[in-house]
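One chain comes next, on its own, written out as structure tokens in the form predicted on its own.
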């Protein structure tokens, strides 16, 4: 097919999107699920049939969407685009009512006007019964229309159908939100990248709305994110509205996932915060995810942390302090984090998101960077350290690397 030599064109029939920097974590996850995945900027491509498509949507904890490659072609003029667009099998992906929406990006191409490109694609879709989605379509929800993602790079078009619908980080359990919420996909990626073994103790002393502990409980109990609900009921996906949707195959995928769920988390998972509202939100969200029984929640400051017998993992998303006047108290907070780790968590592994190297230095442990990404629009790094078995004097040892 023309343009297949372009390295930016997807060569796998499926593509899982991840936040920038999380591509290696996503690829490792998909490979562990038995999928033939290859990392590429923005996510990972993988091969398979409908079963693999269903499995990736139901089970991936890191992907934000899963796309199906629909067509790839080259067009340098609108008449070429119109001709090729009529050959795209749009009807395979049209939901009841035929509403569609396009997410188009174009660069380094002769056809660069995204509105004009969308107009031609909508004309092609209309020929098989499709119609534009309402202007009020919520991109985050993506449930009332079939979304097509169109990428145009150096005159090469790649058209993909969104198989997920609502973004995959929306597990459905997080309705109560504390300050600076962490996306579920980011929390899962942190846990995976930290090396947590799923059965050792896990502590989050800044749990907020409980995303990290809840994702940890889901992982420990082998509950796929698509089943994170009371009764292990699966969420809805866009592919369930497609012409080739196989309900029998989907039922078998769901049943197999449900049969693999463990009755309880094998190790203690602590969700702690000094804010009463955060603990209330954590408990409410954990109840919706059906993992409240797996969490030990408590309202307490970091300085009073009493961890279970370890070693284990402390994985957290502490405050970043990007607003004026926050730097000084946060230096004390990070210093307390390091002191508590050195004094009470010998042999433990510490992993936290950081947006400020100066705050990292207050921890006084030998930190190393595992990944770089963004959170809430801020560039962040996942920093990890192994806490020494013997107490460390912060005045003579430690520090970031």
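Just so it is clear, the model here is predicted, and its values are computed rather than measured. Numbering follows the first chain given and starts at 1.
The next section is about a form of this same protein that is not shown, the form predicted in complex with a small molecule.
Colleague: Could you work out which of 172, 132, 319, 268 is the residue within 4.5 angstroms of the small molecule in the model of the complex, going by heavy atoms?
Modeller: Contact check passes for 319.
Colleague: Note which of 144, 274, 256, 199 lies within 4.5 Å of the small molecule in the model of the complex, where distance is taken over heavy atoms; exactly one does.
Modeller: Only one option qualifies, and that one is 274.
Colleague: Applying a 4.5 Å heavy atom distance criterion, does residue 205 contact the small molecule in the model of the complex?
Modeller: Within the cut-off, so yes.
Colleague: Taking the small molecule as it sits in the model of the complex, is residue 181 near enough to touch it, meaning that at least one heavy atom pair lies within 4.5 angstroms?
Modeller: Yes, residue 181 is a contact residue.
Colleague: Is residue 333 one of the residues lying within 4.5 Å of the small molecule in the model of the complex, judged by heavy atom distances?
Modeller: Close contact exists here: in the model of the complex, residue 333 approaches the small molecule to within 4.5 Å, heavy atoms only.
Colleague: Residue 209: heavy atom within 4.5 Å of the small molecule in the model of the complex?
Modeller: The answer is yes: residue 209 has a heavy atom within 4.5 Å of the small molecule.
Colleague: Quick one: which of 300-308, 120-128, 146-154, 246-254 gets within 4.5 Å of the small molecule in the model of the complex, going by heavy atoms?
Modeller: So the stretch in question is 300-308.
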